[in-house]
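Single chain ahead, written as structure tokens, the form predicted on its own.
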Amino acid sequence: MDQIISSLVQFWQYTGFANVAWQNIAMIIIGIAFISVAIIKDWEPLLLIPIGFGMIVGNIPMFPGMNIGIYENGSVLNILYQGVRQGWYPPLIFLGIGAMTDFSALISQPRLILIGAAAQMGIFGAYLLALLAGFAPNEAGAIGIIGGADGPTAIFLSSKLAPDLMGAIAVSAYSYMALVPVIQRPIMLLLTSKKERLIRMPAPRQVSQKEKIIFPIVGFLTTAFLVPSGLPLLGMLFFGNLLKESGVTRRLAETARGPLVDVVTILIGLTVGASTQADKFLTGKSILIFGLGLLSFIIATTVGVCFVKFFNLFLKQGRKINPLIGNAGVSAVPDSARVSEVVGREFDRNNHLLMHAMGPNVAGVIGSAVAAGILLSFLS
């Protein structure tokens, strides 16, 4: 009988019920909230559902030393997490983004790249704020990249500069990507007048196939020579786009933008979510990172809209840019461009801004990768 009782006691010690802490319960509830928002609101479900379930997986309380947890060397989760820790997954995501992105809007209106560049001020603004908040320069650089609204770039840079903060930075970046419509719309309305919202832009010119093929080659050479440290992201982005536009590698392009990016999205979402173990995630630093991430997103949107308003001072009538596309300078493709379209049609149902907004939107993807390369050059 004593042996039976002893075995039962030992079994109980290995259960989650015996090892649970309130922090684990809190993180599991947050994970369920992520899943609920993704399903009910349809906000970035491809990201929030894997991250939310990963949070639940990572916060199942367990007896230490069982070699199961994500931070235990040799465990299955730990091996999968190396794609995040070592920065393998983000370039593969960029390959898929390149293979599904049409750069025509940017090629036809090169001036729109300035909006994407201006919006990157959110990154450097958050960097300065993080320094003022007491973070080390390398940590501040990793936090600042949240302002680019680009989850893979945030993971790539934080894996190099501040791996200990990666969970909070990644979850913050993906959370604000999902909240693009909620955060950006009130800022856009606050900073623009009704007259500005009604500006109609001329239709972009047709872009030839030759231009589409030349662009990824020229774009890569220009950005890679400027910021060689951004090569893993920029190289894969432009390579994926070349696969799409060349016309002779359709199978490779379809694989890159389909099965490959889907598999990597599942792995990156699940492991990033699982990395938010309560004892490592629920800290004062994490809360501060979420606050700074929100500020960086607000700065990026504000600077993008205000830059268009300033730029319009030098443009002739008929050539002016609708400031509502200024928000699209962040890297959340195509969500921020859709916000431009939706808000624009609230005031003029026949004013379609989506194709114009895609210009600064894809410029923002390039810009965030370049910004990450600059920060990596100075801070690594």
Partner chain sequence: MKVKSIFLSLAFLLTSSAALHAQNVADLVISEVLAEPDSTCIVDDFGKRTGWIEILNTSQGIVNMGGCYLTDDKNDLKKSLIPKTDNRVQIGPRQVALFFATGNGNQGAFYSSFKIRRGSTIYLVSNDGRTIVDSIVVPENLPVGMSVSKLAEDNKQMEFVTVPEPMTPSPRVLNGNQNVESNAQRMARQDPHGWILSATSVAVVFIALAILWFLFWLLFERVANAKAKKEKAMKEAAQQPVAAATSPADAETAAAIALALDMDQSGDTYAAIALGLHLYFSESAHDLESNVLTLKPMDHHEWSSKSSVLTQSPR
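Numbering follows the first chain given and starts at 1. Worth saying up front: this structure is predicted, and the values here are computed from it rather than measured.
Not pictured, yet referred to below: the form predicted in complex with its partner chain.
Undergrad: Which single stretch, out of 132 to 140, 266 to 274, 287 to 295, 243 to 251, brings residue heavy atoms within 4.5 Å of its partner chain in the model of the complex?
TA: In short, 132 to 140.
Undergrad: Using a 4.5 Å heavy atom cut-off, which residue among Met121, Cys306, Leu282, Ile199 comes into contact with its partner chain in the model of the complex?
TA: Of the candidates Met121, Cys306, Leu282, Ile199, Met121 is the one lying within 4.5 Å of its partner chain in the model of the complex.
Undergrad: Is there any non-hydrogen atom of Leu231 lying within 4.5 Å of its partner chain in the model of the complex?
TA: Leu231: no, not in contact with its partner chain in the model of the complex.
Undergrad: Indicate whether Val218 is a 4.5 Å heavy atom neighbour of its partner chain in the model of the complex.
TA: Val218: contacts its partner chain in the model of the complex.
Undergrad: Contact between Leu165 and its partner chain in the model of the complex at 4.5 Å, heavy atoms?
TA: Leu165 lies outside the contact set for its partner chain.
Undergrad: Contact between Pro259 and its partner chain in the model of the complex at 4.5 Å, heavy atoms?
TA: Because no heavy atom of Pro259 falls inside 4.5 Å of its partner chain in the model of the complex, the answer is no.
Undergrad: Please determine whether each residue of Leu114, Gly367 and Ser380 possesses a non-hydrogen atom within 4.5 angstroms of its partner chain in the model of the complex.
TA: Answer is yes for this spot.
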